[in-house]
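The chain below stands alone and is given as structure tokens, in the form predicted alone.
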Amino acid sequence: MHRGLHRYAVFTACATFCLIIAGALVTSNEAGLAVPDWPLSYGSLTPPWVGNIRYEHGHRMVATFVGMLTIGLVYWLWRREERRWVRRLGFIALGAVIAQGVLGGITVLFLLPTLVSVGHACLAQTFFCITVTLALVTSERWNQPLEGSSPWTLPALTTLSIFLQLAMGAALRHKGFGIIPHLIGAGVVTVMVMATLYRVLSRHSTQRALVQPAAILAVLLVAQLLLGAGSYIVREATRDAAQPLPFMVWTTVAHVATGALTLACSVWLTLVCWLLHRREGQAVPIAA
């Protein structure tokens, strides 16, 4: 393991999380078309830092920074990482961040089409999951001995349900459909997370590597449900406001950010379960 590489991967994942927050600020402030051109902003790299331009252009600046970090991460993985599948995942991350930039440009040039905007949001969550995975698999703890076993199917399905719920949330924010599907999705996610937590605590309570992410996942779920209810109430109460009010904006942004953390935590739990499953079955070595 290379500690420097791991720390760099963690920093890239944290920067990606900040990028998700920056994107949520754009949507919540209805600033998606504050800058009408792309890739430049009003034909410049340094447009006036006023009004909603600061959210849209700031989002582009953070995205550019994350793209540069990803290029550095891929190069470092290519030079130092021995596991072929990890190197390939790095190249997938690079492809994802490039595609994300292109989708972001299309959303502006074609005046925020719902399907493209939702795809942009979903790809952002996918890229975040990839960076979190790279941060996890480059850590020293990844290769430490783990005892016991764990089926990974349920955590994987939980991760999928959370991702689909975030996609429906993105569709709701971009007026793709109403709130009812999102509420149904919230119920499904709650059931899946609780089932996963029960499985971990009832059958693997002595395995800290499983209990820790499962407990954090449950806490994040509760926070996400409360933020979801709060953001809906605030949005309805301020529906007639001339512009998005700060409290509504930050409640919505917190809801989006916590959703991303919930997905990342579920990915963490799924990866640990997958690792245990592979080692239990003595499958192809993890370093291959």
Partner chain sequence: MTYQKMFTAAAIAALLVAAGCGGGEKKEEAAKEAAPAAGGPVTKVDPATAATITGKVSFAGKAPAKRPILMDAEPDCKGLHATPAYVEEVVANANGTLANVFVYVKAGLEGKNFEPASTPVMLDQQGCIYKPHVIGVRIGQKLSVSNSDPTTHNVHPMPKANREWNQSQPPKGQPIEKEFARPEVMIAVKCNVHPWMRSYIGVVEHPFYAVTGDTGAFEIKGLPPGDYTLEAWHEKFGTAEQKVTLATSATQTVEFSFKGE
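Bear in mind that the values here come from a model prediction, so they are computed numbers and not experimental data. Residue numbers count along the first chain shown, from 1.
The same protein also exists as the form predicted in complex with its partner chain; that form is not shown, yet it is the one meant from here on.
Visitor: With its partner chain left out of view, choose which of 262, 29, 70, 252 has a non-hydrogen atom within 4.5 angstroms of it in the predicted complex.
Guide: Result of the distance check: 29.
Visitor: 75, 198, 177, 85: which sits within 4.5 Å of its partner chain in the predicted complex by any heavy atom?
Guide: The residue from 75, 198, 177, 85 that makes the contact is 85.
Visitor: Wondering, does residue 160 line up within 4.5 Å of its partner chain in the predicted complex on heavy atoms?
Guide: Residue 160: no, not in contact with its partner chain in the predicted complex.
Visitor: Can you tell me whether residue 48 touches its partner chain? I mean in the predicted complex, with a 4.5 angstroms heavy atom cut-off.
Guide: Yes, residue 48 sits close enough to its partner chain in the predicted complex that at least one of its heavy atoms falls within 4.5 Å.
Visitor: Is residue 115 close enough to its partner chain in the predicted complex to count, meaning some heavy atom within 4.5 Å?
Guide: Looking in the predicted complex, residue contacts with its partner chain include residue 115, since a heavy atom lies within 4.5 Å.
Visitor: Using heavy atoms and a 4.5 Å limit, would one call residue 142 a contact residue for its partner chain in the predicted complex?
Guide: Residue-level check for residue 142: no, no contact with its partner chain.
Visitor: Among the candidate stretches 32-40, 62-70, 225-233, 254-262, which one is within 4.5 Å of its partner chain in the predicted complex when only heavy atoms are counted?
Guide: Correct option: 32-40.
Visitor: Out of 257-277, which residues reach within 4.5 Å of its partner chain in the predicted complex, heavy atoms considered?
Guide: Heavy-atom contacts to its partner chain in the predicted complex: 274, 277.
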